[in-house]
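What follows is a single chain, given as structure tokens, in the form predicted alone.
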């Protein structure tokens, strides 16, 4: 990379005062909600222990509302905290949550699956200009070089259906769609090449289950993949078990995945899990016109039968 390109990659994508405005709006709304008792707690982000980082925060005291922030480091999908797996939070009463567009798609999915009632949550949505991708330096602003791949082609920057939208979306440059290009390369492969591609990636899996732990839709209190009697999937990180685990999980998420890419971000072995999820999402959109998370729906196309379903794949 030449010096000119390196300098361009350090130039902020927009005026960084945007984050200050979003942060102020979140703090103001959180203070109001907690002070008047509208909610029992606010799920948001606070500064991490290292400068430039952020981590999830649960605020119950209006005096602590000023701890809340929004920055390029606010990557977590906080919808994770509103599933039945997080019983202690749900028992407190009505809660508020800070949500980016992809997080709101997860919330819609959870509502459709009866994990969450709309009246039980106050949504503070963020007009989101993007967050940093994995491996980005903590002290740098958001740039073309470090913005998350999913944010380069996001279609839900301005969420709808929230109780409040924090901030105004700044003018953004057009960015190359890296994920779409990756998907095109995958689809150009022969079936044998695709099998080898995924076999190689899945061979690195250490079965840490970080992908499952961070996914809002993996909310079962006991996963069938953990059972030994009957054993659905081998639990050791061996090739056959790894392949089965990732394929079963991809099928389980088909028609449900919010495309937040948290599974891929959390994976310590850099397996392109969101590429697999995006491929499944594309197939469902082309076959059934279904796109997950745009509105609460009880069942996706793989969970219900319709007389006019495409059956051309049956040989």
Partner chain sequence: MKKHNFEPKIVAFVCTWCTYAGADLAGTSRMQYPSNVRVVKFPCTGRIDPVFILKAFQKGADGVLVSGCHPGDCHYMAGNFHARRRFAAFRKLLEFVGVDLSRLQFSWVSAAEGGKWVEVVTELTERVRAMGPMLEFKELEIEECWSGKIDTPELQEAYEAIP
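A quick note: this is a predicted structure, and the numbers were derived from the prediction, not measured. Numbering follows the first chain given and starts at 1.
Quick note: we don't show the form predicted in complex with the partner chain, though the next part is all about it.
- Residues 74, 208 and 219 are none of them found to lie within 4.5 Å of the partner chain in the model of the complex, as judged by heavy atom distances.
- Stretch-level contact analysis of 38-46, 275-283, 53-61, 258-266 against the partner chain in the model of the complex, using heavy atoms and a 4.5 Å limit, identifies 275-283.
- The closest heavy atom approach of residue 194 to the partner chain in the model of the complex falls within 4.5 Å.
- Taking the partner from elsewhere, residue 117 is found to have every heavy atom lying beyond 4.5 Å of the partner chain in the model of the complex.
- The partner chain is not shown here, but in the model of the complex it comes within 4.5 Å of a heavy atom of residue 240.
- Using a 4.5 angstroms threshold between heavy atoms, residue 224 counts as touching the partner chain in the model of the complex.
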